[in-house]
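Just one chain is shown here, as structure tokens, and it is the form predicted on its own.
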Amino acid sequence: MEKWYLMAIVVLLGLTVRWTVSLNSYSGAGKPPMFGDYEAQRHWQEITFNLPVKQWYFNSSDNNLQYWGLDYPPLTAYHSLLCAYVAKFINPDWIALHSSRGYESQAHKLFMRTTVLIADLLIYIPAVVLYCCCLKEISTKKKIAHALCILLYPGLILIDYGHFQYNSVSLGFALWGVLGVSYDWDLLGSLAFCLAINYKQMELYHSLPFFCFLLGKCFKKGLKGKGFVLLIKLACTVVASFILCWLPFFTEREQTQQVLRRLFPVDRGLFEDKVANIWCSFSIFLKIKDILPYHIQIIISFCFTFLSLLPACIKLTLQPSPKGFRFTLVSCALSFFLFSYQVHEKSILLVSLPVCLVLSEIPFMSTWFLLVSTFSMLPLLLKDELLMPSVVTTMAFFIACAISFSIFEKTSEEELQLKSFSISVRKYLPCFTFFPRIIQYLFLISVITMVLLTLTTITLEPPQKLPDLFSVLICFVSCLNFLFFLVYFNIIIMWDSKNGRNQKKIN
């Protein structure tokens, strides 16, 4: 009973922080002609309510796609329609066709913020609580601490409540999917993840680990027996869920093609704005976007992405395990973020979710990564005037992690899960005993660099010839950190089997 009482306090604290951040200004407030993402979400409610389904994704006099046209899958559109019905009941002016563009009022702001909070309460927060309660081999206090740290993660709070999005819906569905397949509710887990993809197409970042983990389960059961039956059931679940979500758009071929064109706008380029991936950072030295045609850019990004995630996916298929699944989710999502085509800075949230899931396993490295992920979005957050909420929520998150998990005491080879790797290296370099010390120094350098860059960005004006200097430096530094984490997580994945065998011998 006490556990649930404490968990309720944690949830209430998480909701309080979210609502406090939402009291700030929102993306694009009072900034015509496009306003911002807040207006995008409101406009989608206007379009879905006033136009027939067949016109939602098509350009017309009533639906100018250049003005925040729908570019997310059908489930997002249905969610917008549901919110629109509630808005219509409260105040029809909020979604009036054409005349409601750029609508701003305190009542509407309260309504929009409430829709995000309700989505959190219904989908994301219950998944977080259940996931933490199902964790094995840790105490009740650690489970509650884990839930607290996930709910205080500043990146998701700032983007959903400050910048204004509904990332908690797709991430919540994905987390339900993780819960399902990790505890052998494979059909329910597959259904939940299909809902995540059909809400935001960026959930494809997580698709290969789900596919490889479930395929590995089928191989393990035997493809001539139970494994084949499971494979057929999974295929039917996936196909049925996609058909139900896309049914209104399957009536005509042109409808389906237009939705896909909107979901995957390859003509928009290799990356958007200042994003902390390899292509944006590399463009400091070589302007790939300018010198190569977009179809070559797509091929290059595909090759880099595929090669970077291939080892982890092969390992997961051959040796499926819940732990391997969690770490492969991190590795694959990070590979997509660093190397894939058409990446947005907010896509780092897709990496942050699985990192949150392994927070109790590697608290020091997870906390470090989540701090960097929030820092990497600093240019976007400053644009939305979210400096103070960013600083406060980041400090609250860091303090919660430091106290809950004593992160600075969890830097040994065992606690960093690098024991097997270090033993392998010491076969050739016997003096290799200082790896944890190196990581501690790298953490210190990383944090100092982030603090200095933040202070420089908010206090100094960039040179006139280099107006984006600080934003580019933030992206470059963040990218270097992410490349280091990609190597680190892949080391854990590839050397995990040795840990498993050693643990069995000890038991």
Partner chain sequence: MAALGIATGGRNWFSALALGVTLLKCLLIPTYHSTDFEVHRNWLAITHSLPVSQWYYEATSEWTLDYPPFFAWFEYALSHIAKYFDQEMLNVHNLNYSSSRTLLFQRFSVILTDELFVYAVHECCKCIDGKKAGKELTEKPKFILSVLLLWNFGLLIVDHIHFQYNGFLFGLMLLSIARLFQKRYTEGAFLFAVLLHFKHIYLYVAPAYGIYLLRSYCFTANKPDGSIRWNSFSFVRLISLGLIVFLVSALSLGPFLALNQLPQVLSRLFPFKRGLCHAYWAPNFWALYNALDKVLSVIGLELKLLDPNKIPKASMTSGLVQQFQHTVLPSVTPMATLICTLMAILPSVFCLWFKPQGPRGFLRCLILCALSSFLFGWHVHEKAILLAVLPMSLLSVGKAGDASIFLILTTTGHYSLFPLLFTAPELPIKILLMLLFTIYSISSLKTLFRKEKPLFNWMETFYLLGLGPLEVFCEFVFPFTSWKLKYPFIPLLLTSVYCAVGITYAWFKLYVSVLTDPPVRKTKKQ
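Positions refer to the first chain, counted from 1. Given the structure is predicted, the values throughout are model-derived calculations rather than measurements.
The form predicted together with its partner chain is left out here; the points below concern that form.
- Taking a 4.5 Å heavy atom cutoff to its partner chain in the predicted bound form, the contact residue among L292, L223, V392, L122 is V392.
- F398 is the sole member of F249, F325, F398, Y72 with a non-hydrogen atom within 4.5 Å of its partner chain in the predicted bound form.
- Residues of just one listed stretch (401-409, 188-196, 169-177, 274-282) have heavy atoms within 4.5 Å of its partner chain in the predicted bound form: 401-409.
- Taking non-hydrogen atoms only, L12 approaches its partner chain to within 4.5 angstroms in the predicted bound form.
- Contact annotation for L110: at least one heavy atom lies within 4.5 Å of its partner chain in the predicted bound form.
- Among heavy atoms of K141, some come within 4.5 Å of its partner chain in the predicted bound form.
- Among residues of the shown chain, L23 is one whose heavy atoms approach its partner chain to within 4.5 Å in the predicted bound form.
- The candidate site formed by Y5, T16 and V451 is fully in contact with its partner chain in the predicted bound form, as each residue has a non-hydrogen atom within 4.5 angstroms of it.
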